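For reference, the chain that follows is the form predicted alone, supplied as structure tokens.
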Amino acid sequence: MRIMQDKDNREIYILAEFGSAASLYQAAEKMRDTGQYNFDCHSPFPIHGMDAAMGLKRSPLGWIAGLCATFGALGGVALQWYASTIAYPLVISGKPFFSFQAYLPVTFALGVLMAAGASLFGMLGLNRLPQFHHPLFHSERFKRVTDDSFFISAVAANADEGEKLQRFLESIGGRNLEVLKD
């Protein structure tokens, strides 16, 4: 999607404020139903069902963590198997070289460690964090989003669509519209 830009090729975002969580939810559904706009919703607390209202797909983070946990556990088993049967084959208490019961604590620990690392770094990557600069950070009104305000920020494809988007945001209950430049 081409981002709306001004004469200096700076991106332009449109920020609209809504009065309550319910009005933000309904506005998100209307934005989703148009299917034309790249938008995001901001609220001081999580709103149940907002992902569906925005038309977001399920996060792939669970698959990333699960795959990394599996690779970590298999890597732990492979490392222990190699160490006890190939590199240092020792008979301990008459047990066979590959005694899987003794490998479970390390296997479990490596699986959990890899899943935790994948969850952390996967979340940061999927959310594009850390993000030190964004046009919304310059809005005085947007600072209230952590307290008591609800916002939709949207990006238009071109200047005509930007004006159309502003009218649409006003028609679905948006107020105090603000145009922000990158």
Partner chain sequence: MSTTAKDTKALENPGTQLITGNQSFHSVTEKISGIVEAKVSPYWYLAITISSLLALVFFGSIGYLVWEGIGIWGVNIPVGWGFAIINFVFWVGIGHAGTLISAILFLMRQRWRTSINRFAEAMTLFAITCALIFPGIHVGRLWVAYWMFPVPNQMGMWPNFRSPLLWDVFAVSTYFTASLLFWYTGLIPDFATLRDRAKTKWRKIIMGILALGWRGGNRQWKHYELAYLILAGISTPLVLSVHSVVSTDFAVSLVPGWHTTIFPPYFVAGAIFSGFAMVMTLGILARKIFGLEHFITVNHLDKMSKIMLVTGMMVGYAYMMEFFIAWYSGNEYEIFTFLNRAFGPYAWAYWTMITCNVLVPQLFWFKKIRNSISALFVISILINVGMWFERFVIVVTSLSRDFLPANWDYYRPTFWDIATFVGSFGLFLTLFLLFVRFVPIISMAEVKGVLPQADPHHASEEQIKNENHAR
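Residue numbers count along the first chain shown, from 1. The structure presented is a predicted model; accordingly, all values stated were derived computationally and were not measured.
Just so you know, the form predicted in complex with its partner chain exists too; it's not on screen, but the next bit is about it.
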Any non-hydrogen atom of residue 21 within 4.5 angstroms of its partner chain in the predicted bound form: yes
Distance check, residue 30 to its partner chain in the predicted bound form, heavy atom within 4.5 Å: no
Contact flag, residue 67 vs its partner chain in the predicted bound form, heavy atom cut 4.5 Å: no
Contact label in the predicted bound form: residue 71 to its partner chain, heavy atom within 4.5 Å: no
Contacts with its partner chain in the predicted bound form, stretch 13-48 (heavy atom within 4.5 Å): 21, 22, 25, 38, 39, 40, 41, 42, 43, 44, 45, 46, 47, 48
